[in-house]
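This document opens with one chain alone, in structure tokens, the form predicted on its own.
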């Protein structure tokens, strides 16, 4: 079924054989300064995010020997402050018949002090298959841990035969939560008729699961919904997912695959529910497969994959032995308009070094390092332009905010957002990335960029610089 499964012993041997490769990656000057990135090779979806006894555990889809050996397993990093990260041994390997083509994405749920990890085991048959309605298995698997470092034997919970009969072979990415004294699981799905949805299962013991219903809009919206997340803030419920196959509509849905949230009206009792309008989580070029979790202080924290699958973008760091990264950690909150918003995690403020404040009247031209935070308070500004790299422009004209990375985006071009009233921007720059939070995080642009940083230039009709902070080089 699989050409090269990666078990623990094989990983350790391959790692020792490639120690020089690993060390070369660490020395690459293009490495991020304050983002989670692969120790070497390939990183994609965040998995199993949780906090245990004050330690945040960040697992992720990991292919350290990519592209030479393409086996996927779960990488693992830990942190107490989201500033300093410690690399751990990979957590989940493709070492059973249920996940022999890779442990795919999943999430964590804590019960009575025990961490329960639910994930999709991928199996892909060799042969003449379309891999949509045949040729693969998507198995739901459970492992547990008392500390986040050591794991139980794997337990098979569901196979494709346990999903609704009208589903394709694409059902994956479980998230488990508790409502009304019962356990619920959601999974992203694609039907045999190519309609995306999120499937809801119910359980009394986290082991035996029964299908309850599916969440989907009245009209089809994409052919597959990946990476679903459910969260409740106050009395408002939200469903986050990544719809594939949504056609572009002007400046909306500009990426090959989308990521966003629906307001969810459902009491988890009967079968009646309502999904509100879809809102994009990120307007940029590089954001997909986010995962949310609630930490020990009660915050809902989001990490996303700073990339989009099947984008066609060039990735020059691959020649240096690594590719991709996570977004900065973001806290989710609901604003006065009932919108799900994102703000950079407060811990990032400890990176601030030099603070520069002032009022913009004729603009700003300032020599700035690549790693910085820029906070702008806009005062009745009808238009402005910010040069964030030598070839990157952020402009606001006629009610449209536009990010243009055409000259240095390696296939990325322009992304836009209609903004009736722009009152603030918060911009985070790292060696190869920009994350732009608009109006207190009502919208966000995330993009990889490959260009030099010399002077930060701002022109605006009116506005105030609340602060420019230079980040330490960690």
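Everything numeric in this text was worked out from a predicted model, so none of it was measured. Residue numbers count along the first chain shown, from 1.
Not on display, but discussed next: the form predicted together with beta-D-fructofuranose.
Visitor: Is residue 435 close enough to touch beta-D-fructofuranose in the predicted complex, meaning at least one heavy atom pair within 4.5 Å?
Guide: Answer no; every heavy atom of residue 435 is more than 4.5 Å from beta-D-fructofuranose in the predicted complex.
Visitor: Classify residue 282 as contacting or not contacting beta-D-fructofuranose in the predicted complex by the rule of any non-hydrogen atom within 4.5 angstroms, answering yes or no.
Guide: Heavy-atom contact with beta-D-fructofuranose at 4.5 Å: absent for residue 282.
Visitor: For residue 392, is any heavy atom within 4.5 Å of beta-D-fructofuranose in the predicted complex, or not?
Guide: Contact with beta-D-fructofuranose, no.
Visitor: I'd like to know if residue 200 sits close to beta-D-fructofuranose in the predicted complex, meaning any non-hydrogen atom pair within 4.5 angstroms.
Guide: Output for residue 200 is no: heavy atoms all beyond 4.5 Å of beta-D-fructofuranose.
Visitor: Under a 4.5 angstroms heavy atom criterion, identify the one residue in 278, 183, 82, 288 near beta-D-fructofuranose in the predicted complex.
Guide: None of the others qualify; the residue that does is 288.
Visitor: Work out which of 140, 342, 229, 105 lies within 4.5 Å of beta-D-fructofuranose in the predicted complex, going by heavy atoms.
Guide: When beta-D-fructofuranose is considered in the predicted complex, the option within 4.5 Å is 105.
Visitor: Based on heavy atom distances of at most 4.5 Å to beta-D-fructofuranose in the predicted complex, which listed stretch, 220 to 228, 352 to 360, 380 to 388, 149 to 157, is the contact stretch?
Guide: Only one stretch passes the 4.5 Å heavy-atom test: 220 to 228.
Visitor: Heavy atom within 4.5 Å of beta-D-fructofuranose in the predicted complex: which residues of 71 to 92 qualify?
Guide: The one in contact is 72.
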